[in-house]
Structures are given as structure tokens and as C-alpha cells.
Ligand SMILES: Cc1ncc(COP(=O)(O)O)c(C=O)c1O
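Next up is one chain by itself, shown in C-alpha cells, the form predicted on its own.
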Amino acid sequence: MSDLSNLPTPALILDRDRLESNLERMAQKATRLGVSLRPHIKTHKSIEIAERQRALGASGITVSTLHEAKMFAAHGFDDITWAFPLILSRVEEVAELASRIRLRVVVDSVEALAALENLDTPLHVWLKIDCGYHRAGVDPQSSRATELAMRISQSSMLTFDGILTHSGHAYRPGSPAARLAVAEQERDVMTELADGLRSAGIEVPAVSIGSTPAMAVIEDLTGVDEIRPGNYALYDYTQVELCSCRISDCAVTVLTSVVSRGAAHSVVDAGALALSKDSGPEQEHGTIFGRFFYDYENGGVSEDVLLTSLSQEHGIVNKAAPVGTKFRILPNHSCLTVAQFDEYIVVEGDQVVDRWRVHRGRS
């Protein structure tokens, strides 16, 4: 059994104890609020983590890409929501996968719905609703929401699963009270639309919502059937700043080494292809691409040693440190950071206990 001091860098470090606590806490909250948990695996892309989520009662999983859907289907996951607007050039792949598992797809347009109908293949379909994020989804106040829901529900080949949304605007800067307002808006927009559709004679089997910041603050999900947070498994510095978690809840770090030293700066081997260039929440110091731990166990991050710039493989630190010094970095965005690596180095304390593959890809 090796320890962190012997690892080659850069390395993606996963704290198994913190992971387990995060997974259990969200599973317990879903049970307490009376909703199903269908976690979004785009954050972790790990079979081992998804299996643990399923063991804790997850009703299925959510993915962002067909690659993720195919990979997890190959490992025994047979109830998958592809929570991304249907890509018309990939409907034949959708049909093939749907012949083997219960694949649930998302539409918000007549064009996407027509493409599914032309497949002549039984499919489960969610109608995507814009709850206020204004990225994708049908305006819940428009007649189009009712028209599309009616068309899906009346289709002989399609099964209407219900209405689905994502409160991405819960990630915007603001207070916990502001995020609670977003979470309540998401719930209210969706439950009111569901009631309106039912009044129009359309059966709405389920209402599916959820982002990690919204789920961190809301305590009433009356009228909601399913939540789909993803980042909660690992958390990151953005979630800390959003008050979704504590630094000591963050389960993923990047281990990096100083490779060059200047008079007033250092260079580490964690660049954009280790951390991404997500600038994270606004900082008083300016843009920072991750925080350096000085006390990992107690959640202590430095206010003086800062990662101020990234190129492809280089990270620039604003303090000089001896070549060979190792740092543990809390990333701004764990989803994008994980997607830069092929595997997790799983640790308990400082001891390496396992290695888990990151199932990334675009095929």
C-alpha cells in the first residue's frame, strides 16, 4: 500500500470517506423529502461511485452524453435518463440503446419529437421545461408546453415520462436565501405546470428537478417526484462558495508538484489539462484556478499561496517554493477536473487503497 508522497503527479485524488458521507447525506435527504434520487453521473463518471449510489437507493442514473449512457449500460445500469436536448444526428444510436435498456430522452422542440416519432421505436420521453435558467427548455407559460406534452402523451410509440428541468441559475452568485428562492421557483414552476397539464387532460407521471445548490437549501419538495443532483458526490470550491458544503466535504483534489521556481513565483505540473480553465466564483484576489490546502484534514486552504494562471500543462503560483514540493489543490469545478483524468487515485487518509477508472469520452 503506497501513500500520497510516492505518487507521480499530476494525480486525481478521491477521498473515499468524504465520498461515502456525501452520498449517504443526499440519499437520506431524498428519503426525508419523499422523492426519488436519480443522480447525475457526469460529475464523477465512475462505475464504482454509481454502484454505491444505487446501493443507497438511487432509482436510476442521469447522464449528459450518449457515451456515458452506453458505458454505464455496458456495466449493468438499465434505467438511464439522457438529460440533454436530443441530438438529431444520433437518433439511430438512441434507438439501438433503447432496445437494450430503459433509456429516457429529453425533448423541447417539434423537430426533436418528430425525429423520435419517425424512428418507429418505443421510447421514454421527458419534456424539458425552462424553470428560469433560460438555457434550454420550453417556456412553461407558452401553449407549446401543452401542445408538446399532449403530442407525446398521445403517441402510440412514445411513453410520456413527465416534465423535467434544471435550475442552473442556482449557481449564480448570491446568498443562501437567493438560492432557496431559485429552488422554490423551480419547484413551483414545475408543479404548477404539472397541475395545468393534468387539468387539460394530460397525465403527467412525474416531475423531475434538481441541481446540487438547489438541493442543498430546499426542504419542501411537495409535488416533485424525482431529483437529479450530481456535483454533491464530490463537491468543489464553487460549491463551498455557494454554501452547498464545507471545504471538509470536498472529496476530490489534484496532487501537483513544483517543477520550476522563479524569484517570486513557482510553476506546478497542474495546468488546464488537469484543472480546466473554469475560473470559479468571483474572488477578492482576482481569478484563481483552485485553492491550495495547508491543512487538508481540517479544511484549511491558503489565502496567500494562489494559483493565478494556467496554460495547457503549466500552473503559475504566486509564491516561490522549492522544486519537488507537492501541493494538494481543491479545484473550482470538480466535473471538469475529473474529465481531464483517466483514473481516480482512491485514498483513505494518506494511503492509496484503490484506482477507479474515469469513463470519459465522446463516442
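Throughout, we count residues from 1 along the sequence that is shown. Small disclaimer: the values here were computed from a predicted structure and weren't measured.
One more form of this protein should be noted, the form predicted together with this ligand, which is absent from this view; the next part is about it.
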- Since the chain is shown here on its own, which stretch among 199 to 207, 228 to 236, 172 to 180, 149 to 157 would lie within 4.5 Å of this ligand in the model of the complex, judged by heavy atoms? 228 to 236
- Classify residue 213 as contacting or not contacting this ligand in the model of the complex by the rule of any non-hydrogen atom within 4.5 angstroms, answering yes or no. yes
- Task: Using the partner position in the model of the complex, report whether residue 135 sits within 4.5 Å of this ligand, counting heavy atoms only.
- Result: yes
- Message: in the model of the complex, is there a heavy atom of this ligand that lies within 4.5 Å of any heavy atom of residue 70, even though the partner is absent here?
- Response: no
- Item | Touches this ligand in the model of the complex: residue 166 (any heavy atom, 4.5 Å) | yes
- Since exactly one of 83, 252, 80, 224 fits, which has a heavy atom within 4.5 Å of this ligand in the model of the complex? 83
- Item | Contacts with this ligand in the model of the complex, stretch 120 to 134 (heavy atom within 4.5 Å) | 128
